[in-house]
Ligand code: NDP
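The chain below stands alone and is given in structure tokens; this is the form predicted on its own.
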């Protein structure tokens, strides 16, 4: 096809504009693998990109979308051939490299992961970057040595994409999961995912003490700011918090007390430039450790034409679970 449907971000006099349009295949960027995109998803970063609320996009024009699953059409990379089913997320897609909200994508073969056995392309995007980030967080906690016998683990932003998958995975692994949410009306949903307890995020929103009562052995935080500071001050001796988001802000109003008096560790989770071997491990574990029934229950499907209107909703915390995008 000479052109294909895509969500294009352009620079405007004030900010940016986003529109579903026809994109010329000749404008695709360099890469040794061309993929027919079948499914994508809406992540928090995608919401920032299509609304222009933050400077996510750093070249124009840009095709939005930070992750996709699809089928290889052409390849000059030795690892991939036409017909292979692949997943791609991060690596600057939708930021510096033309992204996933399109019928075609051209990327570097070194960025791709084979679709794990047992997962469909739709399943992979129901997991998406949010779920993959949740699994990277779980792997980091495991590497640190956090086990179910050490005590509860906490998950913030619990009703969002990262939080939903983190709860489902951690509970299946035997952890007592405490879910923190600003939407207590979602308590039933969170308990269905596997949360043993649900707490109001207000418990973690006040100014953090240098040290407070020990409550959990570990946690997954996608909120940042004061919430993360409170998590650190209430983490048990030699526990750890995996930090993977900044929905509440980039600041961290904490102190060194949790680190030097309790030996608490803050584990930074980067999903964008994560090494390929760790990516493969994460996707393999998602295929085995995430209950597919729960995945189905947290997933809502939309079409490419609905992505732009969904952006403000995910930023406002109005999206529960995961959204998959069916590409025409």
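Worth saying up front: this structure is predicted, and the values here are computed from it rather than measured. Residue numbers count along the first chain shown, from 1.
Form predicted together with the ligand: not shown, discussed below.
- When you look in the predicted bound form, the only residue of 99, 157, 219, 258 with a non-hydrogen atom within 4.5 Å of the ligand is 157.
- Only one of the listed residues (145, 148, 109, 182) places a non-hydrogen atom within 4.5 angstroms of the ligand in the predicted bound form, and that residue is 182.
- The closest non-hydrogen atom of residue 201 lies within 4.5 Å of the ligand in the predicted bound form.
- The ligand in the predicted bound form is approached by residue 162, whose closest heavy atom lies within 4.5 angstroms of it.
- A residue is said to contact a partner when one of its heavy atoms sits within 4.5 Å of a partner heavy atom; residue 239 fails this definition for the ligand in the predicted bound form, lying far away.
- In the predicted bound form, the ligand sits within 4.5 Å of a heavy atom belonging to residue 269.
- In short, of 173-181, 73-81, 91-99, 209-217 it is 173-181 that has heavy atoms within 4.5 Å of the ligand in the predicted bound form.
- For the partner-free chain shown, 244, 245, 246, 247, 248 of 233-261 come within 4.5 angstroms of the ligand in the predicted bound form, judged by any non-hydrogen atom.
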